[in-house]
Ligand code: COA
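Presented below, as structure tokens, is a lone chain in the form predicted on its own.
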Amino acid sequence: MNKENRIHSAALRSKVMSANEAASLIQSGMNVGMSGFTGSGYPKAVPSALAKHIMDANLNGKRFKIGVWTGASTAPELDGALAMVDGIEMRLPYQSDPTCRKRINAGEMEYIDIHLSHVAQFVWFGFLGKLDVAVVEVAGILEDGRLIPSSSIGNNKTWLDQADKVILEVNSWQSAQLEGMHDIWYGTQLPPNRQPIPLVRSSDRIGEPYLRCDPDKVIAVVETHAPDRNSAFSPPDANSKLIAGHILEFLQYEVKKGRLPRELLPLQSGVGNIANAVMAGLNEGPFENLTAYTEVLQDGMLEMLKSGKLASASATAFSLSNEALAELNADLARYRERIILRPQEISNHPEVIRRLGVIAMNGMIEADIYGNVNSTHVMGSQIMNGIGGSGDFARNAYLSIFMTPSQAKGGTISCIVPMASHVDHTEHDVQVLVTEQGLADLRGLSPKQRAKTIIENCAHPNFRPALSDYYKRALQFSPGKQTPHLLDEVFDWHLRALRGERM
């Protein structure tokens, strides 16, 4: 399939128009569901054209804002362009754009940070209001109107089902060989009519390779030829390698104790350099015939597929560097048999995660001495990106692992603190904490036992004495002894950091 013949439906071919014409169909006050997940498969032309319409309206003294719903983060051409012209009234469920973040933290943009598995069902339930328009990138359109999904699926199935009107971007830059990689399950029902999801192995295919869309809802089709935003990853640094080494040693121990099979259980890994370092360690480690059931497929997992260490990988999107993407596209026909892209309501579904027994590995901003984890807010009030799917996996995983360097900001801030300034994952959902200093296995430990283990194993030596001193005084002076705290000083470290002092 080449650039000239990606649209095989005569009915939808008749609706082809420019991005500017399509953008003019979106009105202020609408809720717009956009495709896209970590810089893959997002619409490339309509959002930028819409930003120009919004800018013109602003110059004429007219307030023009929309609600923007996506799968997860997108790219500067979408989030950045719309945020730059102050065109977003409400954003959900996850973002990583600097301009968005600045506006959210300045109180200029509303933001709902939602577990990624919840978004589709919240829309089906009507909790978020009416979805007026869907703007979805696809790789092609078949004669019968079925859609070949792009490099991410995210919430696209739900957007196409629930939106009153649909704008399709057909991107001929996306490889035609993506066709057949996707698995779209159309068994979603509302309570009380829900049925079990028939997925018992991470490599199972339970749906169909195409998205469906009522052609009467399609109001515009825009042809594009533009690349995804691909994230470059730095080589693993010394701390990342140490963290990866601790996790690898722990997994080997769990196999030895008989708590994990030799091929482990399906792997889930968050986005970032530490996650890629863990994958690199597994690629060089003793485990064979591994599988993945995760949100995004990064460079590290692609390397494991290439080496044969990883037998199969299930995700909802790619998040690859330019080099890794070129490698994928060069051999996509072979990779397609071992990679499955699913809607995020399935890739992140608690029922499936629990059934498969996923090993979840996610990053964090800070953890406190009792194992409560903050993965979203800096100093308690400033959003970084969002919870994403980490909560979906942490609450339901066979093993829930959170990892971070032990200190940040050049060693001026400890990532292990007396009390987390914001909590996304309570101590009940956190089984293992890992820093470059070591690993704290918190399973079966009481709060006081957790505190001693975390301080001894995960805190940086520069901060360990202060944490130990705080804990000893809390044991003595806290009115309650189950989870001892000194409430008049639990946030002293954060307050000093806000004043520019060392924590």
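Numbers for residues come from their place in the sequence shown, where the first is 1. Because the structure is a prediction, the values reported are computed rather than measured.
Omitted from view is the form predicted together with the named molecule, to which the following refers.
Give me the residue from G371, G386, G300, P149 that has a heavy atom within 4.5 Å of the named molecule in the predicted bound form. It is G386 that has a heavy atom within 4.5 Å of the partner.
Would you mind picking the one in M90, L332, A408, V200 that has a heavy atom within 4.5 Å of the named molecule in the predicted bound form? None of the others qualify; the residue that does is A408.
Contact segment among 190-198, 139-147, 120-128, 375-383, judged by heavy atoms lying within 4.5 Å of the named molecule in the predicted bound form: After filtering at 4.5 Å, what remains is 375-383.
Is I365 part of the interface with the named molecule in the predicted bound form - any heavy atom within 4.5 Å? I365: yes, in contact with the named molecule in the predicted bound form.
If we define contact as a non-hydrogen atom of the residue within 4.5 angstroms of the partner, is G270 a contact of the named molecule in the predicted bound form? Residue-level check for G270: yes, a contact with the named molecule.
Exercise: F318 in contact with the named molecule in the predicted bound form, heavy atom 4.5 Å: Answer no; every heavy atom of F318 is more than 4.5 Å from the named molecule in the predicted bound form.
Can you check whether W159 is within 4.5 Å of the named molecule in the predicted bound form, heavy atom basis? No, W159 stays farther than 4.5 Å from the named molecule in the predicted bound form.
Determine the residues of 280-318 with a heavy atom within 4.5 Å of the named molecule in the predicted bound form and present them in sequence order; the list may be empty. Contacts from 280-318: just E295.
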